[in-house]
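The chain that follows stands alone, in the form predicted alone, written as structure tokens.
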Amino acid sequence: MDDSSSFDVVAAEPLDDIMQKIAEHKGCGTSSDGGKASCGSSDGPDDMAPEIWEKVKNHPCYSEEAHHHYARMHVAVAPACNIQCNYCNRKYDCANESRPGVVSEKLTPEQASKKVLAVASTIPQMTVLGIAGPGDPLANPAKTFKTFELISQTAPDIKLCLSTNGLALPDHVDTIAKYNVDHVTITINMVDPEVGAQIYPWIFWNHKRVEGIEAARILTERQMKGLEMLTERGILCKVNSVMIPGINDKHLVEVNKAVKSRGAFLHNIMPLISAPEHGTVFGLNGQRGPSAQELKALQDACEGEMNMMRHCRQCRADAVGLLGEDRSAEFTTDKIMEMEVSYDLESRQAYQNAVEQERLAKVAAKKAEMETLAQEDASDLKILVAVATKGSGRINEHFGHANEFQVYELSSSEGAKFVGHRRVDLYCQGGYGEEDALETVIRAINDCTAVFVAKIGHCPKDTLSAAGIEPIDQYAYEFIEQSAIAYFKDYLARVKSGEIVHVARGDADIRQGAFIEA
């Protein structure tokens, strides 16, 4: 983060030093009134072709703006996979963890179709159905395309997506187009086979196992060919890349250039998840994931003409709900088979129209606040702030109930820009604050100057302040971006007057394995 400015700047303290200083706050309880928590692009219709806007405006993965309002679901109909990745272990499943490739139950296409209708009838803002595993959808083409066929017949308003490693992609592009699957995600971690050989021990290709550099060479050639074939047909492509420090972190800049030149719409660089308990090769050999600032620096370096996705939650292959939440437990196979499902397209559309009005109000509020910021003295100073939210683009979550904080970068040039999210352990448990959890929260948002919440108890407020993070509850239930810009104007004024000194913040932790519920 660029902290250069015309103001005096104080260097950041190491994170461990800060944690040591606040340790004296351990042991204090709190009342339960503390409360229970650029996809890509946030561009609007004025910034892209109308046909592209129609594809992304209510797609929570392809639009950062939409992910505040619209939900998605994955159905686990594709168990087999044709490659082995050193960061993947599909055998491990914990209901409280969210990682790609993890599911609690596998479905037939018929079960998946009924589940989609049940979810869409219950969650009217659910607009997207994706198939992302638990293996590779195109290693299971019959089940994948049968599912798409059934859903397109009964729920034609739902967008269809798939996520693939790309090995079999060139063989299925025509079928993908036939079923109007117009959003495809390809996981591409390298374009150099020598790098790839450190990530993929083998692929299954032409009825045999291929290993090492030869396997990686075949994989990258098939991925690039498939990407070109999709973009030639006007199918939107998102590229996922896993950032693995010391292996492909610097190389991902080259990957970004390669996929951009082939027409990819969006690049999503995600942190490696490598906790030992997941049993992956990287987890067991001690390969670390990136820190929050390492990830942000790489995303910033790759940001240019191509949109960067920063709101990915690395979802399970059976996730349901808004990004950052998972309601899959409400829709198990046993429950959906007992449900009387009535798919009311008219009611869904009416609900989504109401969501759109809320969204337009949010955009207008941000624009109005941004105009007032432009009238202030320009500054090069940038800060990060964390926000507790339950969705709809509002500051509407209590600090103690947040299991995730969204992070915005504030600047005079761009106002409030979404740059990521941080998973945390729940602070408020059983009506009392859990001090060990509070430490994880501070580690997760240590690079932030302030945290915006709907409500917060006295004890965590004091502890956050001691760590140099300003707790802000004066904008409760207001729009996030409008409030953040208003805060930033006040912050700049306080720095300029000498009331406060701007402090360059340090780094922050990324939680290993995305926690999804208490």
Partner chain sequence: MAYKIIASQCTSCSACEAECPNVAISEKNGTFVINPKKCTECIGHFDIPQCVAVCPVDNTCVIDNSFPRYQAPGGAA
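Positions refer to the first chain, counted from 1. What you are looking at is a predicted structure, and each value in this text was computed from that prediction instead of being measured.
The discussion below concerns the form predicted in complex with its partner chain, not included here.
Among His278, Arg327, Lys114, Lys106, the residue placing a heavy atom within 4.5 Å of its partner chain in the predicted complex is Lys106. Just one of Lys250, Lys178, Arg209, Arg217 comes within 4.5 Å of its partner chain in the predicted complex, counting any heavy atom, and that one is Arg209. Contact with its partner chain in the predicted complex holds for none of Phe405, Arg443 and Ala467, as no heavy atom of theirs lies within 4.5 Å.
In the predicted complex, its partner chain sits within 4.5 Å of a heavy atom belonging to Ala80. Shown alone here, Lys417 lies farther than 4.5 Å from its partner chain in the predicted complex, counting heavy atoms only. Of the heavy atoms in Arg90, some are within 4.5 Å of its partner chain in the predicted complex. Not displayed here, its partner chain is kept clear of Tyr351 by more than 4.5 Å at the level of heavy atoms in the predicted complex.
Only one listed stretch (338-346, 81-89, 360-368, 219-227) carries heavy atoms within 4.5 Å of its partner chain in the predicted complex, and that stretch is 81-89. Residues of 132-148 that come within 4.5 Å of its partner chain in the predicted complex, judged by any heavy atom, are Asn140, Lys143 in sequence order.
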